[in-house]
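As structure tokens, one chain now follows by itself in the form predicted alone.
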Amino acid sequence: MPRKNSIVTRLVSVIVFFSVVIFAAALGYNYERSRAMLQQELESNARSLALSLVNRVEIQLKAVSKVAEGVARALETGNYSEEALHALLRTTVENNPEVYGASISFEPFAFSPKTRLYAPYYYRKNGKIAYDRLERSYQQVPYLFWDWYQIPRELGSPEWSEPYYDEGAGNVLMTTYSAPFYREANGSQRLRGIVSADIALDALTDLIASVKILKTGYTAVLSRNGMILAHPLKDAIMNETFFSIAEARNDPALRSLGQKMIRGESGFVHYTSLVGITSWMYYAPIPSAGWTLAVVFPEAELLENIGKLSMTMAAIGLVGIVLLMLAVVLIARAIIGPLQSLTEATGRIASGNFDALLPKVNSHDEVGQLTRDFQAMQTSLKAYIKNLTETTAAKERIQSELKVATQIQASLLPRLFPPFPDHSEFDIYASMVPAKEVGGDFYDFFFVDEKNLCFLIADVSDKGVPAALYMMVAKTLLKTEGQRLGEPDKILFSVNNILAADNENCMFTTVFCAILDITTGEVRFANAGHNPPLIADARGVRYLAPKPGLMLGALADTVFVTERLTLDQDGILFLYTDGVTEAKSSEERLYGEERLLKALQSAPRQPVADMIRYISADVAGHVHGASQSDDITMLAVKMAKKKPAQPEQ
């Protein structure tokens, strides 16, 4: 089972994700494009179907209108007896199956001076031709006041009536084409009556309903006033108008659509049909009657095939994605398997088992090359670790030796304070902090006789072990020659000649050597290239200006000069190495001689150990954590009180 974060899981996830996105985009595009193409095709087919139906209705309406106009023209050109008039009407109805009924309705007393109204009417009833008299059947409202008679009479031209229910004669829903006919009298045309031909709306509905549109599609016919004449909703026929339905729905779009219809426009619209189904509709006018014919296609049925096709494509795509995922898993495992073996082997190597076996290489692809590289790296790593182990052991040994050397070097310097508890005439304290394990700075103090204390400070060139070895030699010589010769210039002269001899490494050391007479406070000193000391007494703190001298070991037979000064009671002589004044801060600023002078002016003087600790703390504050670059060594001698001189024996 692949892990959540494994390459197989991520590879499969990425490929499947993008495959789904691409397939969904393609499926969506195909659906929308198919829908657009279907809409274009539907509009074309709907237009053709609507125009075809309009043409069929037109043919029927025109046929009826020509029948009525033909009878009217015949009455204008001929004199028909009552029997001939009846024969004309009956023959007209019998020979024209599209005509439901026909009548010749005369103006008052136009048929006979003795008869006010006369309107014979032949119509179809139960498959036979029936006869009636309209002046008798229209007892409540004479035919003179019916629209089918009155409108063409007033307009003086043939006219289709609005559909109506004919009560008294046909007793069916019908519409009537009425054509006036005239008689010429005294050079003018005088209206004699109206010839009417009826069409039963049931016949018209059957004609339209004979056209099948999908499963639930339909056609509808609206009158010139928006009255529904033909529609699957039987209750709406002659009871609803397009506008009454729009008002009931509070649908401005439907109202606007009805207005376009009654203006005789045509169009293709997407709307909610009168039966509440989202549909497409094409509508076109029927010019003869001023009606509108609409062809309605339910959208769900139109898109049914597209939906089925999309679902089929989705199923195929889903199966394809599953197969693709399986293929990716198989391919990824074929690639990742060797990598997993290599990962497990490298994991053992990473845990410290450098002898862990790497998988065998059987291929020459990238994985095989990677395995060979790991084998080479394992070999190099084993050699490196072995070398590192040896080097670390050697370094640890050196560190251990350096630690011992540090202890040895430290043991060479006086560390016990006060060093001479029996001598209250002076106070002395010193410290040395090496920059490395061992340093080249050193200090020393010792009595050369009962009343002369020799003290010195030195700084060997270079650092580390060579400097430490040179320091040990120099310190030993200075103490030996100091105890033998007893004067600073002689001590430095002798030690310089010893160090200068066979000095192949050209090493040297600076030394400030002084001898304090504890009975008088006199200090005899000589300088071998060392930093000038400071003196602190009742006159303040100030630098001494000893005569310059060459460093020990640089040149044989160098002559040094002994100088003298006297320390008053509480006077202090402060010696130091350049590690103090050249201590660097993290910004590379030197501690400096001026700051040392100011620090000594503020430092406590009793005991001198506190003075040196104060200077050490001030130097540490200046460095502020920066690495120490040189040994820091200080020595201070304070004259407490003078020792009374012993009478000579």
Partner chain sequence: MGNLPLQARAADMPLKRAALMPLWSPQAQFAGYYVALEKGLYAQHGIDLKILKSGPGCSPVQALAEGKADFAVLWLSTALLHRADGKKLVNLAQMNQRSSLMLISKKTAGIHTIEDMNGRKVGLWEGDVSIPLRTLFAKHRITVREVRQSHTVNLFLRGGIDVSSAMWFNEYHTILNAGIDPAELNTVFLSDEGVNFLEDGIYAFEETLRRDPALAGAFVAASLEGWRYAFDHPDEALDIVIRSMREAQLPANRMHQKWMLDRMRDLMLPEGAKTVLGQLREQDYAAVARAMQKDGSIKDYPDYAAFTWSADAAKK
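Positions refer to the first chain, counted from 1. What you see is a predicted model; the values in this text were computed from it and never measured.
One more form of this protein exists, namely the form predicted in complex with its partner chain; it is left out here, but the text below deals with it.
So in the model of the complex, are I151, E240 and I262 all sitting within 4.5 Å of its partner chain, heavy atoms only? All of them do, each having a heavy atom within 4.5 Å of the partner.
Scan D462, E162, D251, E76 and let me know which has any heavy atom within 4.5 Å of its partner chain in the model of the complex. By the 4.5 Å heavy-atom cutoff, the listed residue in contact is E162.
Of V141, L318, A376, L326, which one comes within 4.5 Å of its partner chain in the model of the complex, counting heavy atoms only? Going through each option in turn, the one that passes is V141.
May I ask you to check whether A545 falls inside a 4.5 Å heavy atom distance of its partner chain in the model of the complex? It does not: once its partner chain is placed as it appears in the model of the complex, A545 has no heavy atom within 4.5 Å of it.
So, K479 and its partner chain: in the model of the complex, are they within 4.5 Å at any heavy atom pair? Judged by the heavy-atom cut-off of 4.5 Å, K479 is well away from its partner chain in the model of the complex.
Can R133 be called a contact residue for its partner chain in the model of the complex at 4.5 Å between heavy atoms? Contact with its partner chain, no.
Contact flag, R224 vs its partner chain in the model of the complex, heavy atom cut 4.5 Å: Contact with its partner chain, yes.
In the model of the complex, segment of 422 to 430, 517 to 525, 68 to 76, 153 to 161 with a heavy atom within 4.5 Å of its partner chain: Looking at the other structure, the answer is 153 to 161.
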